[in-house]
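Let's start with one chain on its own, the form predicted alone, as structure tokens.
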């Protein structure tokens, strides 16, 4: 009864009790951890290396994906429109290409698991032994 009351109060206040937690995952052969600044630099084309010196291969979920929005809000601090403008400028000036887009979190996990040096982000509920969590932003 007490749990029901807590849930009811939370719903009445508009608080999401089932908010997803996004984690940054890496290939099992990659580094055991990475800092928020390092992830930000990789996803904003400021760095192309992981903490262990390995070439970074970042993957991105498709635009409109809620996990992508949560990730960028926490890590890069940029909205979808800001990211689109940023990458348009990077491509136009020849400075870089955006990370390869992956359609689903399951495909993201599979790509990270099979590509050395890769990193991506998924909901923590999706994590299994095929990838390792290297940052909880």
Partner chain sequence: MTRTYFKLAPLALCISAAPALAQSDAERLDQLEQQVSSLQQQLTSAAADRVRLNGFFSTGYATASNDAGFAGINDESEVQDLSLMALQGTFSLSDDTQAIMQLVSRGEEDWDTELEWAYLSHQATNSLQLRAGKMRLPFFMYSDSLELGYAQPWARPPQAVYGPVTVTSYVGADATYTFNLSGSSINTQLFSGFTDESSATSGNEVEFRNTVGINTEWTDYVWKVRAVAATAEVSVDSRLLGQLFGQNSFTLADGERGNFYGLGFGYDNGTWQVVSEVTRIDVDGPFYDTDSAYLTVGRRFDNVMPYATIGWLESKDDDERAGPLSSVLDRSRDEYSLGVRWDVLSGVAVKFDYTHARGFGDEPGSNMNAGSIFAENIDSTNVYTVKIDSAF
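Residue numbers count along the first chain shown, from 1. If you're wondering where the values come from, they're calculated on a predicted model, not measured in any experiment.
This next part talks about the form predicted together with the partner chain, which is not shown.
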*If you check 29, 62, 91, 66 against the partner chain in the predicted bound form, which one has a heavy atom within 4.5 Å?*
91
*asked:* Since only the chain is shown here, I'm wondering whether residue 97 would be in contact with the partner chain in the predicted bound form (any heavy atom pair within 4.5 Å).
replied: yes
*asked:* Check residue 75 for me: does it contact the partner chain in the predicted bound form (non-hydrogen atoms, 4.5 angstroms)?
replied: no
*Would residue 102 count as touching the partner chain in the predicted bound form under a 4.5 Å heavy atom rule?*
yes
*asked:* With a cut-off of 4.5 Å between heavy atoms, is residue 124 one of the residues that contacts the partner chain in the predicted bound form?
replied: no
_Members of 103 to 135 lying within 4.5 angstroms of the partner chain, judged by heavy atom, in the predicted bound form_ = 103, 106, 107, 109, 110, 111, 114, 115
